[in-house]
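Each of two forms of one protein chain follows alone as structure tokens, named structure 1 and structure 2.
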Structure 1
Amino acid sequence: METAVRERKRQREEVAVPIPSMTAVGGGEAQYVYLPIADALKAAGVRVCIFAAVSEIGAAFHSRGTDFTRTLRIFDQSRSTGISVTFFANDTALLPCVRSSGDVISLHNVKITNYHGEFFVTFDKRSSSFALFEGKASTESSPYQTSMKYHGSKQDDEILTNMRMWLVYPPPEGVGLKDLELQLRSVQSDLTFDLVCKVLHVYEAPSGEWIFYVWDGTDIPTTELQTCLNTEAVPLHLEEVPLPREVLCTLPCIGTILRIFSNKFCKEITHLQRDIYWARFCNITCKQEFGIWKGTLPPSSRVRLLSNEDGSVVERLKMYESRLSTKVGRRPMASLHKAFDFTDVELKRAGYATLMESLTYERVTHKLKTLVRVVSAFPWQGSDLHSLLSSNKHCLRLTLEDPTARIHAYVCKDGLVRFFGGSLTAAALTRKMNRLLGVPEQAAEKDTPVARNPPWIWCCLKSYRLEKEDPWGSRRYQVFGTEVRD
């Protein structure tokens, strides 16, 4: 037994070149010797065969010559940190199209190159070949993509099965796959995590900063607002320039769109700008500014492109479709299982609509019933509100938000009396406004910062234009048919 083990070990160490790939063995079947990546590195400059899993999927680029190129990162049990493989072809269709991270690739007649101490695999389009197989979740043994010169063998099935069995267990640390993968609904402040999401839009700010608008179909958690009500100014956006309407109308109307900011350029940006790619943002962090979530790509972070058939992508799309299948599922996730006893609304039988659905509505004028939080009001103090009701000349401005957007909406003239349920005293107005803003009853004096968590309320809104010549630019929202209860 020990003799046989030593013999197999000797063959593994001495054989760096596969048995010629086109040499028939037995009944005309080709035979190969697959080397672990760690052993293949000892054979730099020699053609080898490798069976490994894919951890990173690069974008297809036009090389400096006439070819197209794509780089994958692969790993196996012998080298969890992996190694890069660069492919060249005169057509992008001939490059490997990996469906999902964790899929398996078979490489024939590739070379290991050592460049200044860095190892990588070079794929020669004239003599190398590849095959791609589904990863750990599949039992199918046939490849879903092969290059023209690829010839498999019976031993491939056994190697593929063993690779899938190994992939069932979490890869060792350093493999580059997910360590902590969250959805937007589970985001926490100052936590480093991976986010699988669709990149809807990419914007380069005048400062050189890149902004990624990403979405995964879920709602990001509501924030507790830390503000001083006497001086509060709540912005609608984190960036200086809001999105133009032609971009806004391409965005989904259900689910939060998170802005991720980055000071560095990555080669994947060119592809992400096309609004067709899902991606994994690795090692990102999130924090809150003015109650708005903001993602950040630190220097150690990476962006990896994903296909629409990636397991994580498919899972998120199924969850989103399930959410859309019910009326309740479309509502803000944070509002589920909560009572909405703060307001009475006129449009009792109207269907629910998100703020984004209204912002992207085809006409300037739009009426809707929605679930929102009042994150700011101007004026907000009872004495000022009492004067406002008495004068009947000015409007109360509310800043409303749901998981999809944040807008200003105005309560004007007779709508003010109905909104507050009559011409109330300053003390009564203060109580109602504090309830809307989520101010605790035991809050300190007005100049003292307070932690607020505004409740979800039903609200009727209608949009209108101020200028006929600029209907969309002068579009405003007004609260109507809504009364705050005692």
Structure 2
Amino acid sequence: METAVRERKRQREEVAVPIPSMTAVGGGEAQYVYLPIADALKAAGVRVCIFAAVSEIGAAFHSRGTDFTRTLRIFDQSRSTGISVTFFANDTALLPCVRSSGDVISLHNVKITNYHGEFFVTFDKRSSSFALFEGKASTESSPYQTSMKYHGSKQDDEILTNMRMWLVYPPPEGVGLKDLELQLRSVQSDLTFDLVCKVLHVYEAPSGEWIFYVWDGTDIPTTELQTCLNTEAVPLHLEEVPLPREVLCTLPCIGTILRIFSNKFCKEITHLQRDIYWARFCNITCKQEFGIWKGTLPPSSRVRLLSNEDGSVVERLKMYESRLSTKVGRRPMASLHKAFDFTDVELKRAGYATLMESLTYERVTHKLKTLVRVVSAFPWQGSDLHSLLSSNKHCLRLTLEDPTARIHAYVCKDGLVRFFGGSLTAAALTRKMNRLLGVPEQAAEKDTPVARNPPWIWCCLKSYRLEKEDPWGSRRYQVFGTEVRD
């Protein structure tokens, strides 16, 4: 997919047609010839003028030299994937201060450069100039910001109107090639895509690796697991150090928080560490490890900060609000339209809560009804379960997950007999456990590794502390009032 898009882009970019670049000065007023971005690319190295819309707004930073710098991404009809422009100025106030993505920018006397096979717009602070206009919703024709050397031209008004028309009524698909944009709920393995998300937390591991905790209000799809049933091999999270409780409690309780891992530093990180921003992660990929989704930033990826007014951000928030407005909307998205005939639960009074709601609950003790999948169990073999039930000494440990978290939950003593619906034979216990873990029936007999897909089950949980001195550190979950059916 990505290669096809790149190939088509390259084909278009490689056609070297000489284009008369721009300027003609007449009658005392400057006349500027604006080139579509796609045409400007064919005139690399020549000074050109471009009239485009802003799709991404970078943060202002100190450059490695003496100036301040900011990068924008701009697009027009000829190139909906856009192109990056970096500005420099000795004062942040002189950098373009874009109020909202979708605003319109006029660039005079910029050059197209090709760096490592990718095109960029080079803005020279001595000779180039810019003007910023409000986006499609406005009729204001004068710019809200101009660089010092900017001279408006006669055609600006008309071109601005045309650009706004195009932004309101974009032409049908196929005119431009836009990067694939996915929500967490439609993520797939080994696909390169853009993700618009809220960056809730940034962590720098001692190894120098960065972890972004991101959220878009949707649930990431469930994964299939390998038949490996050993609890020890199934981690609760991918990061070495779990989030401290103070951070955990600031995170939303509905919707998946994806961990995106990155080895490279990007300057947006300093802003993301200080404050919570919506951002566009461009060209990221996801894969599964131990049934947990892990985002990664390949070399071609980048991070762009978004304003809260950005169209994609507004859309995500609206969707989240409508999700919260119904009881069913709060449940795991992947559990909708599924039957829950695997368990009987007795708890009428305790309401439904996600695992994250319980983890961040203000008290150590909490009773809740959850909709979860059993991703592993220890012990899991019928014979071991059988001696567990008869000895009445030890507990069965389950690893439960929903879109918001994974936890260990124990089934102990009387609860065990209740859980399995009586003192069953080893064979009957094996059968029930396999159903819980989603092991396909044919595979259960042989020991061949196949993918398993645990069903969603209703499950009652209660939490409590083991040690008075360390209530949160010793917090444990126990399954109660839940019976696995035949």
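Here, residue number means position along structure 1's sequence, counting from 1. Remember, it's a predicted structure, so these values are computed and weren't measured experimentally. By rigid core we mean the largest C-alpha set that fits within 1.5 Å across both forms.
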Since only one of the two is the form predicted alone, can you say which one?
1
Cα of G255 displaced 2 Å or more between the two structures, core superposed?
no
Any CA movement of 2 Å or more for L41 between the two structures, core superposed?
yes
Does L72 shift between the two structures by 2 angstroms or more at the C-alpha, the core having been superposed?
yes
T81: CA movement between the two structures [superposed on rigid core, Å]
7.9
Enter the rigid core superposed C-alpha shift of A350 between the two structures, rounded to one decimal in Å.
3.4
